[in-house]
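What follows is one chain in structure tokens, specifically the form predicted alone.
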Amino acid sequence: MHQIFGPGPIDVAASPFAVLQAQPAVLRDGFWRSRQQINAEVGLTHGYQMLEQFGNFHDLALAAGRIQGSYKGPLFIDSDLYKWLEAVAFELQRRPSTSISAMADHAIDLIVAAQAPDGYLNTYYQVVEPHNRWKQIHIGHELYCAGHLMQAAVAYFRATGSHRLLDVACRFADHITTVFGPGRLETCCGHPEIETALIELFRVTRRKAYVDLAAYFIDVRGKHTLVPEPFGSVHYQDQTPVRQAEAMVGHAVRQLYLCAGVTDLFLETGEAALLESQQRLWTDMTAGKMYLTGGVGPRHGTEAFGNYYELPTDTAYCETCAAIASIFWNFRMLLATADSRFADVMETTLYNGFLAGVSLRHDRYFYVNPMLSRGGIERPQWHGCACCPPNVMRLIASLHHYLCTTSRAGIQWHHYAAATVQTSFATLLLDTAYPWRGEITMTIAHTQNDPWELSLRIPAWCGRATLAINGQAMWLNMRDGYAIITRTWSPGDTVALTLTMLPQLMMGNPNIESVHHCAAITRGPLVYCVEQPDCEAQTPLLDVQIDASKPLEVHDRPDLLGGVTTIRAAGVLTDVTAWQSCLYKPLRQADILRSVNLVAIPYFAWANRGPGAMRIWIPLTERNP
């Protein structure tokens, strides 16, 4: 019998307006199971060492009065430890570990000791600027850090049953309710995050004051209560009330965390205007502001959304945290609507925009994820602003909570991985080599006697899917992007879903200037790139074009990058010798030097063999349309 997990990051079991309920699965083997294992075996310990090296534990000890010395790190450094602790909690929920528990105990001991008598907890403002509590709300990150503490506390309680960290979070939340609100400090945080954290804390404690405070923070946003300097009101999403918002603007992570909080509030209140606003924003993002990888936020400096079709390749920012925030938001929208388009964006972002943010070894991390590199880019072990590494850790550690849901009608499978899920309807075993193969087999191990509905997502990338039950071919009965099967099931029944997984060349909207007359290779949920180590000798990657008239070939490479499927394409190397010391000249047809073979690898695996050049979008040869 497989372990049955408790609730994950989002528990809407008591939310009256959730169409779907998150249902934890047990990953058995395959792509995501191996990622969870290496995250546990390498990533979490590496994170602990980096937190120690960069001063997180030191700062807590300072705030607790246990040591003397100087503060280390930025004012929002506490949030990095809280995200790491949330990852630890979900790993302990998945698989108890004495060594990981010891690391968590050390962190929690310091957190408990550092909390002020009135419930306040922020090491920077306790140690460095104790007289400026809540006075720099637009840039101080106090509520942002508080939100991550609450999420860590909820996760740790759900994983272990211990109230120790949850009590800290509740004391801090109670303190915050005395500071903010009508007639008190009437504003919100410059970095949204606490909104969804307060709602999740409410879901655990059922203390209405927490969801009321989250609603207040959402309602006050857009009333220009934040000091606009240094970036302007748009940067903080303080320019328009959330119910009137029409566009994704400002700092991408802040915008997406706010969207997650607004969707959570809808799930608790059912207010239609909240969901309608999120649907408008989702359309705005996916119609003109999202990269092929699911990455968002093209602008350096402000880490922000840009204008429609402002999607440069080499200067793409695409912060890893923005990809994670997008996944969080899309999953909440999926719970609220049961619409597969949200799962489609989740999948694209998971395998590409998110997963590129961590090395195959899980000990190096990207903050920025470009679509093109001229070389020299490597993942560092950590960052001075280390928001991304522990964010990666907490998503991977909790990923089994995002695969499957239930409704009153039955079970919905959104993301395919070899896994087991136990529900009130049935116990299901899913076997697949996804994302390398499109064959998915599901076995009904146990089931109730009454009929129930099984929904299997047919991804948007899939041009053809086939379905068989107990070996007998069936018509696909489609609804909202899902193949629906309603029947009385028996133990031993099998469902075979085949998603035709052909490599294809993708083109961008003609208004995306950076990819004009270029193509990108995709297969299934994966976006591919060409990397310098796979180029033929003396072939400069940036001088290569792709011949779209030739077929793409699929090759399994178990010896490469931990085992990947590569795509081979025909290309040409253009003669650029005539451009030596020349920046512009009259138009003429480019000379072709010679034919070359291109080998494309999954984008998530780039930069694991050194800092060579890389590109997703490859110029088409001049004879291509």
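All values derive from a computational prediction rather than experimental measurement. Don't overthink the numbering: it's just position in the shown sequence, from 1.
What comes next is about the form predicted together with another copy of the chain, which is not displayed.
Shown without its partner, this chain lists H141, R94, R203, K289 as candidates; in the model of the complex, only K289 has a non-hydrogen atom within 4.5 angstroms of another copy of the chain.
For the candidate set G181, P74, P241, P312, a heavy atom within 4.5 Å of another copy of the chain in the model of the complex is found for exactly one residue, namely P312. At the 4.5 Å threshold, heavy atoms of Y308 reach another copy of the chain in the model of the complex.
Taking the partner from elsewhere, N509 is found to have a heavy atom lying within 4.5 Å of another copy of the chain in the model of the complex. Under a 4.5 angstroms non-hydrogen atom cutoff, another copy of the chain in the model of the complex has P619 among its neighbouring residues. In the model of the complex, R374 approaches another copy of the chain with a heavy atom inside 4.5 Å. Annotated contact segment (heavy atom within 4.5 Å of another copy of the chain in the model of the complex): 290 to 298, selected among 191 to 199, 290 to 298, 97 to 105, 75 to 83.
Shown without its partner, the chain has V576, W579, S581, C582, L583 in segment 565 to 583 as residues with a non-hydrogen atom within 4.5 angstroms of another copy of the chain in the model of the complex.
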